[in-house]
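Below you'll find only one chain, the form predicted alone, shown as structure tokens.
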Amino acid sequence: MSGEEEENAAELKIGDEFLKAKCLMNCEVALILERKYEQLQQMSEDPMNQVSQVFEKSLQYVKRFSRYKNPDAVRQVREILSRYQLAEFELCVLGNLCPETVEEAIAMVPSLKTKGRVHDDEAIEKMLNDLSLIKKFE
């Protein structure tokens, strides 16, 4: 992004590096860290020797703020949100915060309604309904 162009996430002006970056939802990070924690426990008789305090705190954080716990649900959330041609960071914000209404979704991710995007209120409502069904049956 050129120096004279101001970044604005509401309009998806966030820089090429960020637009191309792979983002993970908290629930995805929790699954990764839990798997790593299990591996560390298996490798050592005293698992606390292998796990740093930063690792522990990070795992606690993502577990606490993960909206989805079941690995299948986590996969389904990403699949559903991927169908809506969202930028990675939009997908993760919606997956992490789980807005319940179209208004909440737009307030959290204003770029959903920027000019030239195909996200009308009905499409956003369907997306939110799909997410709520996953949460309900998890």
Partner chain sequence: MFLKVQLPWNVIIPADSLDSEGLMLQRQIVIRLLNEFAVKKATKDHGYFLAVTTLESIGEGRVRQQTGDVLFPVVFSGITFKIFTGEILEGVVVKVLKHGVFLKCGPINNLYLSNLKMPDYNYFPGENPFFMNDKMSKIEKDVTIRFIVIGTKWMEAEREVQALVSLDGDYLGPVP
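Numbering follows the first chain given and starts at 1. Model, not experiment: these values are computed from the prediction. Take the two forms, superpose them, and find the largest set of C-alpha atoms that agree within 1.5 Å; that set is the rigid core.
Just so it is clear, the following notes concern the form predicted in complex with its partner chain, a form of the same protein that is not shown.
Residue in contact with its partner chain in the predicted bound form (any heavy atom within 4.5 Å), chosen from Asp72, Glu79, Glu38, Glu103: Glu103. Taking the partner from the other structure, its partner chain in the predicted bound form has a heavy atom within 4.5 Å of a heavy atom of Arg67. The closest heavy atom approach of Gln60 to its partner chain in the predicted bound form falls within 4.5 Å. In the predicted bound form, its partner chain sits within 4.5 Å of a heavy atom belonging to Glu17.
Residue contact with its partner chain in the predicted bound form: Ser44 places no heavy atom within 4.5 Å of it.
Residues of 22-43 placing a heavy atom within 4.5 Å of its partner chain in the predicted bound form, in sequence order: Lys22, Cys23, Leu24, Asn26, Val29, Ile32, Leu33, Lys36. Met25 shows a C-alpha shift below 2 Å between this form and the one not shown [criterion: core-superposed Cα displacement of 2 Å]. With the core held fixed between this form and the one not shown, Leu128 has its Cα displaced by under 2 Å.
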